[in-house]
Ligand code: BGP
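Have a look below at one chain only, the form predicted on its own, in structure tokens format.
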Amino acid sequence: MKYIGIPKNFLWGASTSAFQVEGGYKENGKGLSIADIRSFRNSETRLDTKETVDGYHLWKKDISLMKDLGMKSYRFSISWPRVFPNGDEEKPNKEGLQYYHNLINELKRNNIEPIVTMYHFDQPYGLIKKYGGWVSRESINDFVKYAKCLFDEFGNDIKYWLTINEQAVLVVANDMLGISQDLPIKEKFQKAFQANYNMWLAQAIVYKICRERFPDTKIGPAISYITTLPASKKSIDMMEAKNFEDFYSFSQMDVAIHGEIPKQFTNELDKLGIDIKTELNDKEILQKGRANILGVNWYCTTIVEAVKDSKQSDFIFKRMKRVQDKNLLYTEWGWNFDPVGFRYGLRQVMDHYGNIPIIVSECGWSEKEKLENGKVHDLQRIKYLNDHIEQMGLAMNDGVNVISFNPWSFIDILSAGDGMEKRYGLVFVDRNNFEKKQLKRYKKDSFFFYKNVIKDNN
């Protein structure tokens, strides 16, 4: 099936992240990450990061499946503590680097373009114990050191870098930053938004370094884009939808692309009484270090309505609430099926940032699934992929500069909050939360559908 608007040189791919796919959590010198620590707290109730689907050992088999699928790109992340086990070492872990050299070389041998995320929820736990992780400004230097190491090792092989994955998610789910959940809510958010600011500065420095050393390379953040719609035709619902979308998603893009923090964002922090610690040259750092690409993680639309009797002096989360549209299909985890919203969201990005290249770094449908006679008939995922690709093509025909589509996920992986129950993959892994089995890989029906999509649109 061919789609309007998608060129022949398009990068058709799929995505994963290190802590969710690799396992091998302490092999060959790897240190612990906050993602590891967080998962271990629930080891009795679901799968943790110790093994996941063992991509660390089965990567050649998985790349063979990628080649069979016809993938032109693979968006994955490098495990920070596999490179710097505690985060503060002077020299990197050579065995950790070699793993990624092997992975990247094999991808390139199979004509699959690596799209590499530097940090996907897995800061070394050693930095959190040492100074609180991203909450401390010290984290900026450690991230920059890590990024420089990646440029030294892989800079000539990587055309596309994504610095930090879903920074806004980390602020809201701030236990992923190592922030104690026993703290009062204001103190938790004070720390989380300070971490958010420090991440902005760290990325700006890294953007600048990359663009100076590798002028033809594209680098930017992977943004969690929550396209937000009003529950009614009322202007008050429309205003709160816009406020939430701007605060949560577009503020992250604005800082990366324009090098400025939006006034609306700082206004909301003022309502919480949050005071961000800054230094004199911070504005210059943000201005001089800007992204030249956007990674966009898009799954569904979010529908909101204004809370009655709320005041504009209230923080944004108190002024709106999420609601479900009874006319839309929802996953068991509350995410809807709204493909036209994808086209609308991409058009919104173009309206804000013009011709900026966009990598769709995540987009997918989750279900609980069973293997039956060696097959998985994931018809709803096929419909999700078809309809979203169609709408993406229409957005591209409208002028949106999407260069790559990487649905989440290539293979069934550990869900950050739901173990192995919540499956997104094109490839089924025969294991559950507590039974490893043989970790055998099976191509789902969606694998064959997507394979034909790639073949027909090249």
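Sequential numbering from 1, following the sequence displayed. Keep in mind that this is a model prediction, so the values were computed, not measured.
Same protein, other form: the form predicted together with 6-O-phosphono-beta-D-galactopyranose (BGP), not shown, and the subject of what follows.
Of 291-299, 263-271, 196-204, 371-379, which is the one stretch near 6-O-phosphono-beta-D-galactopyranose (BGP) in the predicted bound form, taking non-hydrogen atoms within 4.5 angstroms as near?
Checking each option against the 4.5 Å cut-off leaves 291-299.
Does any heavy atom of Q20 come within 4.5 Å of a heavy atom of 6-O-phosphono-beta-D-galactopyranose (BGP) in the predicted bound form?
Because a heavy atom of Q20 falls inside 4.5 Å of 6-O-phosphono-beta-D-galactopyranose (BGP) in the predicted bound form, the answer is yes.
Using a 4.5 Å heavy atom cut-off, state whether H388 contacts 6-O-phosphono-beta-D-galactopyranose (BGP) in the predicted bound form.
Result no; H388 lies far from 6-O-phosphono-beta-D-galactopyranose (BGP) in the predicted bound form.
Look up in the predicted bound form whether R38 has a non-hydrogen atom within 4.5 angstroms of 6-O-phosphono-beta-D-galactopyranose (BGP), and give yes or no.
Outside the cut-off, so no.
Check D418 for me: does it contact 6-O-phosphono-beta-D-galactopyranose (BGP) in the predicted bound form (non-hydrogen atoms, 4.5 angstroms)?
Flag for D418 set to yes.
Please tell me whether the candidate spot formed by H120, N165 and Y424 is one where all three residues come within 4.5 Å of 6-O-phosphono-beta-D-galactopyranose (BGP) in the predicted bound form (heavy atoms).
Yes, the whole trio is in contact, each within 4.5 Å by some heavy atom.
Looking at E362, E240, D142, D338 here, can you tell me which has any non-hydrogen atom within 4.5 angstroms of 6-O-phosphono-beta-D-galactopyranose (BGP) in the predicted bound form?
Contact residue from the list: E362.
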